[in-house]
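For this one, two forms of the same chain are given in structure tokens, first as structure 1 and then as structure 2.
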Structure 1
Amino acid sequence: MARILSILVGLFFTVALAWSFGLGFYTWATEPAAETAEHEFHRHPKEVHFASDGAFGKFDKQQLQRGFQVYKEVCSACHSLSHVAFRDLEQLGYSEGQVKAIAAGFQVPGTDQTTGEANSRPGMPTDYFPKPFANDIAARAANNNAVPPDLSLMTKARHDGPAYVYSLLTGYQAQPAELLKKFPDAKTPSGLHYNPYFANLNLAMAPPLTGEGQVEYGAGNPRPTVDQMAKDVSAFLIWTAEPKLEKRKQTGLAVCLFLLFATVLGYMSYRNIWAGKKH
């Protein structure tokens, strides 16, 4: 009885699935899926390496400082960095005094101490990076109806994040002629910018890094080419997304070595205890 019931229930599900499969197969075989410009022209991020990669990776603080400079002078006009506080910048090798000066260079929301009204005041190390727009509506109004996302976690919020940011920044180009020929409707709308590394190929952000020397790096640093600036700011955003990366990898090494040792000891005692006991 149980078996008959079970076979009936089994038939119910398998027949329903066969039905779904059959119709799906028919549609698939008779109506080829429409090709899309995204599908054909979207590209995976370029291959790029950072000092923080790998099991023993460490941040290149000099590079993080350059990346911070790019963020401050270029990106911060539109993008917030809301999970990072000025005090965190000491991890990039800035002294306490330098951090104070950097913070004071930003205006953060404050309260007038006599009238109680909202105003702004120079930042302090305990403050977080201020947002460039009062709210999303203001951000949209200023950016062709798109809200520039917060950058703190950007390199973890995209597949292959660091390489993605680097590729996006260096990936702007004219829309390929073949694309227009094949998909005339996919012409980049005005106000958007063609970039094959962006999921739907057209992005509201205009190319932010436009030419060598846009940011002036101090002596002893590489030339500020677009490629270099893009790499540096990507490295900086690896840090903002994961400030504990170095500590994590160092701790991991100690933990794994200890566990390896403990496991070998455990295995040996297991062999010892079971010695002579066939199993």
Structure 2
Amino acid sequence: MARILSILVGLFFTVALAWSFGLGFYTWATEPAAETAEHEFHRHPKEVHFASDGAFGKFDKQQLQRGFQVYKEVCSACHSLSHVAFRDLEQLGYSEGQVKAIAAGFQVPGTDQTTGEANSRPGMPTDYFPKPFANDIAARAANNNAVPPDLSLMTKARHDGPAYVYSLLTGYQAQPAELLKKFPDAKTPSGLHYNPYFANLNLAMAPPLTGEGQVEYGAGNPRPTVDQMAKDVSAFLIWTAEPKLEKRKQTGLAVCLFLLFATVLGYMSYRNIWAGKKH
């Protein structure tokens, strides 16, 4: 009796599941999804090329230094780089003395050696980049109730990460009249900013890059336009997300060459061992 009951219960749930699936499929097939402003006006990232792209790509250290300058002078006011230590900047071509000077320009959490109380102190090369806000509450209060994300792994955390960052930084614009005509309720709320490269079209971050004069590049560098600064900081964030990128590519190339050599060697050995034998 118990066995029959268990079979009936299982059969009931199987039929219910099949019915739900069939009903859902029928609804999906016969009733098109409602149009939304996000679906119609959201854009895919722009096409942009970086020196590190491709199997043989390498970092442009001069561009990475410019990108770090943009981060330090603009982005660091709101965004952290919690997975990057100051000493890592030596990989960008900075000397030990320059790294010490850069670290000293940041205040990091410390402890008073006399009283044991928390305080702040100048950074050292072994420290990691500090957070710009004490906690999420302070971050929300300063950024229209939004917590600025950490940028260390941003180009890995987003689809087409480098192109996404570049597109977002250069994509601020006025809301299209066509959007407001078709979706009157989708008007960008006060305090938010329209950007078609952001998932829901509106974000709390105001345009961070405003144009020439915001960051001064040294002699021999391109003009610091919004487009150029966006490319540079995007390239820098590629490095923060994967500082061993060049080493990984070199290792991968060596492994591929070894496997190719081993394949040819194995095939020749096979032909030599089995030559003249039926198999």
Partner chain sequence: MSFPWANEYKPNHPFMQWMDEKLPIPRLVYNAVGAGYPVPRNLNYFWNFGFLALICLTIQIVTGIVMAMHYAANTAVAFDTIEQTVRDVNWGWAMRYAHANGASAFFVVIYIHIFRGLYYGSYKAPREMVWLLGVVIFLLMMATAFMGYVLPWGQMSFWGAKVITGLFGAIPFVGEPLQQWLLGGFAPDNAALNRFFSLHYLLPFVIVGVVVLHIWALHIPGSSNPTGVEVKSESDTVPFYPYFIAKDGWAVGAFALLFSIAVFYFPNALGHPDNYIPANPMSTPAHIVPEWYFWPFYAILRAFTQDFFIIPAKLMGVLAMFGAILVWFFLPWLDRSPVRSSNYRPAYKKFFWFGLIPTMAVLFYCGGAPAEEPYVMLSQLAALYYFAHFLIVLPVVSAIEKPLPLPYSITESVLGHDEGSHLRPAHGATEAVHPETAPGHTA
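Every value quoted in this text rests on a predicted model; they were computed, and no experiment measured them. FYI, numbering is relative to structure 1, first residue = 1. Think of the rigid core as the biggest set of C-alphas that the two forms share within 1.5 Å after superposition.
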| item | value |
| --- | --- |
| Structure corresponding to the form predicted together with its partner chain | 1 |
| Threshold 2 Å Cα movement between structures 1 and 2 for Leu259, core superposed | no |
| Core-aligned CA shift between structures 1 and 2 for Thr14 (Å) | 9.5 |
